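Below you'll find only one chain, the form predicted alone, shown as structure tokens.
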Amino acid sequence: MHLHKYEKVWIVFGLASLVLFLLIIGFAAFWKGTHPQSHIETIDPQNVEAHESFQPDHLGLTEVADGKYVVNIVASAFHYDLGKEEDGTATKTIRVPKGSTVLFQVTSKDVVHGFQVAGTNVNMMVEPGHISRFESVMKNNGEFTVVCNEYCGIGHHLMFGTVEVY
């Protein structure tokens, strides 16, 4: 069988591209630890308060160990419930020290929402009936805006908050 010179070039290019893509996927999976979720915990979206993490007293930031934090959030129609401040007002800013490991646990009561901390690698889709989790090390100082990046209705633009890394 005779292959034309250009056919050989394209076959080599295609095989090299395949090998390159497989190396990138292998690097991401084994060296960086990027894996698809294998277990998603379910929750009753009509009664999220029944789950210990999403009871009103447990919402917001909790330090679980030295330098390790958990942030529990309930997303609902045009609002992220980040808990309450000491004076009873709604929390809009989560403050964590630089270099902290933060586990974000988010669920939704009504429709699909997004949860993105702009400027970081935190980006999740939040579905009713599921608990979305993402752990990240907050490496850079600054204020990062929390936005809903899945259109959830007419008040979608009102869903925001702030993560302050100091």
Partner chain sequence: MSKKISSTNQPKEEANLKGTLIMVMIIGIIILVMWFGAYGLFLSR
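Residue numbers count along the first chain shown, from 1. Not measured: the values here are computed from a predicted model. So that the term is clear: the rigid core is the largest set of C-alpha atoms that superpose within 1.5 Å between two forms.
A second form of this protein, the form predicted together with its partner chain, is not displayed here; the remarks below concern that form.
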Quiz prompt | Among 112-120, 96-104, 63-71, 49-57, the region lying within 4.5 Å of its partner chain in the predicted complex by heavy atom distance | solution = 112-120
Quiz item: Might N140 be said to contact its partner chain in the predicted complex, defining contact as any heavy atom within 4.5 Å?
Solution: yes
Quiz item: Within 60-96, which residues have a heavy atom closer than or equal to 4.5 Å from its partner chain in the predicted complex?
Solution: none
Quiz prompt | Core fit, then I154 C-alpha moves 2 Å or more between the shown form and the other one | solution = no
